[in-house]
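Okay, here we've got a single chain as structure tokens, the form predicted on its own, with questions on binding and movement later.
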């Protein structure tokens, strides 16, 4: 299993058995939908794949009121072993990641100095808003769960703050002429 959402499911099931609807709600409540793409379809696909692998198993089926029955899943011993090995490997070994922003910045020159400054300033503002939202969500989550379960938000905030700093430096360099644009032949 290489699906990052699978990691999120296994991580939640390390805490306690859950049904997929509760998994999705918990991921969103903790702001983890920033790190993992969570859709109902993808979540159920991942759950089925984890069952096939023997990493999770159905524990019980529950019904609350008039809602449909929901299957509660729990982690198996194999799932716990595979999950911890997976996390260990990802923490220890840096992997090449291909963020879209890095791709776009490779061609920043296409925007021209004014366009680049405008786009970068807007990005910085959006990042600031995102950081504030993450901080607020982090504080809410800390009222419900131990810090260890939401430490990734701290990392995301730091990465966004570093990006804001870099964006502001590039804007200042463009405006001061330290980052010069070549003459474009027409």
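Just so we're on the same page, rigid core means the largest C-alpha set that superposes within 1.5 Å between forms. Positions refer to the first chain, counted from 1. Everything numeric here is computed off the predicted structure, so don't read it as measured data.
The following text describes the form predicted together with a further copy of the same chain, which does not appear among the structures shown.
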- Query: Does residue 173 make contact with a further copy of the same chain in the predicted complex, using a 4.5 Å heavy atom cut-off?
  - Reply: yes
- According to a 4.5 angstroms non-hydrogen atom cut-off, is residue 35 in contact with a further copy of the same chain in the predicted complex? yes
- Closest heavy atom of residue 44 to a further copy of the same chain in the predicted complex, within 4.5 Å or not? no
- Report yes if any heavy atom of residue 120 sits within 4.5 Å of a heavy atom of a further copy of the same chain in the predicted complex; otherwise report no. yes
- Three residues, 90, 95 and 165; all within 4.5 Å of a further copy of the same chain in the predicted complex via heavy atoms? yes
- Within 4.5 Å of a further copy of the same chain in the predicted complex: residues from 90-112 (heavy atom criterion): 90, 91, 92, 93, 94, 95, 97, 98, 99, 100, 101, 102, 103, 104, 105, 106, 107, 108, 109, 110, 111
- Query: Can we say the CA of residue 77 moves by at least 2 Å between this form and the one not shown when the core is superposed?
  - Reply: yes
- Just checking, between this form and the one not shown and with the core aligned, does residue 15 shift 2 Å or more at the CA? yes
- Task: Superpose the two forms on their rigid core, then report whether the C-alpha of residue 139 is displaced by 2 angstroms or more between this form and the one not shown.
- Result: no
